[in-house]
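There is one chain below, alone, in structure tokens, taken in the form predicted on its own.
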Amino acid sequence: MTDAFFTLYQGLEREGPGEAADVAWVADLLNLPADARICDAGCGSGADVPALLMAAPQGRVTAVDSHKPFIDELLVRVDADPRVTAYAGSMAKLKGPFDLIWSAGALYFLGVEKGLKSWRPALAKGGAVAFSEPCFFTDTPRDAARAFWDGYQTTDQAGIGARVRAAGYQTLATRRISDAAWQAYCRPLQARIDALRPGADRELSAVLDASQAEIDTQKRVGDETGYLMSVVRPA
């Protein structure tokens, strides 16, 4: 992650789309116990940690991200809450047991099949994984929708399900990440881009341009592509 990228995202609540309602939906679906052990894999600066704590108020959340400055921001966000452990490290090497592994927009760094296989030993008996993955919502996405994911091997809901099965899991339920969740990410990001434009150097300007293109394209292709949240469990 470049210094310019962190300059853009430093202090923002989110590094990707999401909302507390996504966490609540997963918790209700799984009948998550109040003392659940949860891992937020690829946590960023911890936008979902408060909702995870709300879902399991007597539980614990272990948050991991490869970028230490995000972990530093997360620790400030949770204000030394004893229920939260956060560290910079690889989300491919989780040590459980966890009743829920939550990963919002981050599993694609490992790949669905590889990531789910690597996480299986970290799941407690009966444990589940909830992850959001780039997804096409139409059989005929436009070129702009395909380009939105910058070369990532994006597929549709059936394709994601096939990757889940190949990893030895079963899908319990799916849910699209909502327009409101995208706005919770895009609106503050747009404000930050506008604030940083004056005086931005070449490196930062390139990052701002890329993020502006992401926002603009998402508005045009949001009906064709976005994130699909899947809740899965070892078969």
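Note that residue numbering begins at 1 and tracks the sequence as displayed. Source: prediction; values computed, not measured.
There is another form of this protein, the form predicted in complex with a small molecule, and it is not shown here; the text below is about that form.
*Asks:* Within 4.5 Å, heavy atoms only, one stretch in 202-210, 31-39, 44-52, 163-171 touches the small molecule in the predicted complex. Which?
*Replies:* One stretch meets the cut-off, namely 44-52.
*Asks:* With the partner left out here, check for me: in the predicted complex, does some heavy atom of Ala106 sit within 4.5 Å of the small molecule?
*Replies:* Although the small molecule is absent here, Ala106 would touch it in the predicted complex, with heavy atoms inside 4.5 Å.
*Asks:* How about Gln153: is it within 4.5 Å of the small molecule in the predicted complex, going by heavy atoms?
*Replies:* No, no contact at 4.5 Å.
*Asks:* Please run the contact check for Leu110 against the small molecule in the predicted complex: heavy atoms, 4.5 angstroms, yes or no?
*Replies:* Answer yes; at least one heavy atom of Leu110 falls within 4.5 Å of the small molecule in the predicted complex.
*Asks:* So in the predicted complex, does any heavy atom of Ser66 sit within 4.5 Å of the small molecule?
*Replies:* Taking the distances in the predicted complex, the answer for Ser66 is yes, it comes within 4.5 Å of the small molecule.
*Asks:* Of these, Leu123, Cys135, Met91, Ala130, which has a heavy atom no more than 4.5 Å from the small molecule in the predicted complex?
*Replies:* The option sitting close enough to the partner is Met91.
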